[in-house]
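Let's start with one chain on its own, the form predicted on its own, as structure tokens.
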């Protein structure tokens, strides 16, 4: 039986509403898979259950990323980087594009960089505490931006400019402002790629710029597209999860105190906050052939949206999913993906988030909101634009 919902899950205002958890839970009880008529993207199959979401994400051959990995491009439109970017390719091409970046995000190198990340997080939090009142979204963004500059080996004289451009690209108040930031970032990345092809160093840009597939260098445009994608993903995931996680803890002060007293380990707490916030609300795939999903006939070319936020609150997969259990175990959340497209930067993101939360817990006694929070209007990286707080030191 075809279940069509009149609720447009692509409406960004939906996700900031207080009644959304109940609404999504009711939709999931009605059916694991719904046919959704969206305003911008036309008809889409919306997957709400954990089991069916995992089924889609694991099968990259049947559910392809090449026609787009995110909603918002518009009905019938294919993203510019299709078949050229990690996020928009399927294996084996996907593995080839990940290969030069893998060494920078593997657990070993991340552990080696952990001390520097910890010191940087402590410095950033220390400055925020000295200021007293801050927009916590801006404050936490400083860490992933700085770490990304290190990975790219951005020259010291360029860092202020790159961080300023990234601020606009990621924190601009309007889509036009954010697009303008990217239009400044991409030419800079292009210039650096050309320089490092001639004089490579031991950094991420150099490795991508000099990487060969089948004996041939990757096209310069492909290198730039992938670098831009890595920067966006690396900064946005940490920024939004950190801000939303801290906001969650201010709304649940008993959890903040548990963490401060060391009653819960940071690793399990991070996974639970990743599950709970699920800032990457959805992932898009396109059926490569006719198939069946939860009794529905999915035709070749149909778009299938996995709603990660819903899957991560599915009671069939998680005990007491509407509670924040910082010691939840096991916690097989999908916030960082699954299968071939599991987040390449997951170890680094967790290291940064752990360093930020640890520094906050060590330096801050209480986070006092000083005004209303403002949610962004995004179904790609759902989070906060403005989170005004007063940080009371320990």
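Positions refer to the first chain, counted from 1. Keep in mind it's a predicted model, so treat the numbers as computed, not measured.
From this point on, the text means the form predicted together with a small molecule, which you will not see here.
A.B. asks: Which one, 118, 210, 286, 229, lies within 4.5 Å of the small molecule in the model of the complex by heavy atoms?
C.D. replies: Only one option qualifies, and that one is 229.
A.B. asks: Which listed residue (91, 109, 233, 79) meets the criterion of a heavy atom within 4.5 Å of the small molecule in the model of the complex?
C.D. replies: By the 4.5 Å criterion, the partner-contacting residue is 233.
A.B. asks: Pick from 31-39, 322-330, 365-373, 346-354: which stretch has a heavy atom within 4.5 Å of the small molecule in the model of the complex?
C.D. replies: One stretch meets the cut-off, namely 346-354.
A.B. asks: Does any heavy atom of residue 243 come within 4.5 Å of a heavy atom of the small molecule in the model of the complex?
C.D. replies: No, residue 243 stays farther than 4.5 Å from the small molecule in the model of the complex.
A.B. asks: Is residue 69 one of the residues lying within 4.5 Å of the small molecule in the model of the complex, judged by heavy atom distances?
C.D. replies: Within the cut-off, so yes.
A.B. asks: Is there a heavy atom of residue 197 lying 4.5 Å or less from a heavy atom of the small molecule in the model of the complex?
C.D. replies: No, residue 197 stays farther than 4.5 Å from the small molecule in the model of the complex.
A.B. asks: Applying a 4.5 Å heavy atom distance criterion, does residue 52 contact the small molecule in the model of the complex?
C.D. replies: No.
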